[in-house]
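Take a look at this one chain, the form predicted on its own, written out in structure tokens.
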Amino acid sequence: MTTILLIYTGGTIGMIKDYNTGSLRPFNFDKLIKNIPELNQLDCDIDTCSFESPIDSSNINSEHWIQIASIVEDAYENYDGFVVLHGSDTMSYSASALSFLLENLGKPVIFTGSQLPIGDLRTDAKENLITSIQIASLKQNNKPVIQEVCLYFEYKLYRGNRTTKLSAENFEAFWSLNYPALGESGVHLKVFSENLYQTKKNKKLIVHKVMDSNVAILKLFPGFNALLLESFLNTPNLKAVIIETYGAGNAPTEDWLIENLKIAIKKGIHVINVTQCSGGSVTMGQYETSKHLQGLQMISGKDITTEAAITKLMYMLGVNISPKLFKTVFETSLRGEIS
């Protein structure tokens, strides 16, 4: 029988309504089967573990990502799959981070959550939880069907490092605009095998446990000026910065922008060009307003999401990628995060 480890970090999905008081309280995951009897219909054994102090996902940081990765590492040989329950606000960041921390992953790690608590009358929590466990337990020829970090929400399974949260109100909160869904839940549970990440066979899992948070994101806007840019780039200990540009990687052609970026790059700060559009790709040189950035040898984020870009930077700095190779490695797909 397939064995699944359910990891609860916090978030709305972990709350249940106390009907005597009307307030929300943490759900006791030790009584998971009792509270969600539908899980008995799944052909798998489910164990649970929880953060000692469950957190709101707005408080998530790189230490928590390493904690989740360590839980997976310690339990890796004893379970066929993992489901991580997480608040939706930063779930795309966490799923992206785990994809980089878990190198040579050969089993499913499925992130899920909900917009409404598990005890709410109209909750989306039960379906998200039940289907995530079912997906994590899928096997073919005695091997896991899914061998990557994914995010499941509202009937869709996505590659985790391709997702972005686009709605704070709709049940369909997440989208993967630059990569197709990996699966879909309807009358039948469909997995689109042609979209799955192909892991290298017979490679042992490597769990990375260092991330460098000396990174930042700067979003361009009309009226952005030299003083703001200078102040930003002179942040102490800054090692890498994502510039969220317009459209296909475009930016103002002002001299002060070019000069400040030149100085930053000369100082050894890695500067990455990522589009602020939810979908699409950076193509430097396509327009006149991006040729000057191409000339600076800025790193192209291509069609990476901001969530994946920032966590990839933290990972790459943590494993001490050589400055000479940094641009090449970042522009290369490591876990399917770039087309």
Ligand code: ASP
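Think of the rigid core as the biggest set of C-alphas that the two forms share within 1.5 Å after superposition. It should be emphasised that the depicted structure is a prediction, and the values quoted were computed from it without experimental measurement. Residue numbers here begin at 1 and follow the sequence given.
Unshown form predicted together with the ligand; subsequent notes refer to it.
*Asks:* Name the single residue among Ser92, Ser132, Ser114, Thr245 that comes within 4.5 Å of the ligand in the predicted complex, judging by heavy atoms.
*Replies:* Comparing distances to the ligand in the predicted complex, the residue within 4.5 Å is Ser114.
*Asks:* Which of these residues, Gln147, Thr164, Ser88, Asn250, gets a heavy atom within 4.5 Å of the ligand in the predicted complex?
*Replies:* Contact with the ligand in the predicted complex is made by Ser88 alone.
*Asks:* Can you tell me if Thr306 lies within 4.5 angstroms of the ligand in the predicted complex, counting non-hydrogen atoms only?
*Replies:* Because no heavy atom of Thr306 falls inside 4.5 Å of the ligand in the predicted complex, the answer is no.
*Asks:* Can any non-hydrogen atom of Ser62 be found within 4.5 angstroms of the ligand in the predicted complex?
*Replies:* Ser62: no contact with the ligand in the predicted complex.
*Asks:* Please check if Ser50 has a heavy atom lying within 4.5 Å of any heavy atom of the ligand in the predicted complex.
*Replies:* Contact with the ligand, no.
*Asks:* Is the gap between Thr283 and the ligand in the predicted complex 4.5 Å or less for some heavy atom pair?
*Replies:* Contact with the ligand, no.
*Asks:* 95 to 103, 227 to 235, 80 to 88, 154 to 162: which one contacts the ligand in the predicted complex at 4.5 Å, heavy atom to heavy atom?
*Replies:* So the stretch in question is 80 to 88.
*Asks:* Taking Thr12, Met15 and Asp56 together, does each of them reach the ligand in the predicted complex with some heavy atom inside 4.5 Å?
*Replies:* Per the other structure, all of Thr12, Met15 and Asp56 touch the ligand.
*Asks:* Return yes or no for Met15: a CA shift of at least 2 Å between this form and the one not shown, with the rigid core superposed?
*Replies:* After core superposition, the displacement of the Met15 C-alpha between this form and the one not shown reaches the 2 Å mark, so yes.
*Asks:* After a rigid core superposition, would you say the CA of Lys327 moves by 2 angstroms or more between this form and the one not shown, or not?
*Replies:* Moves: no, less than 2 Å.
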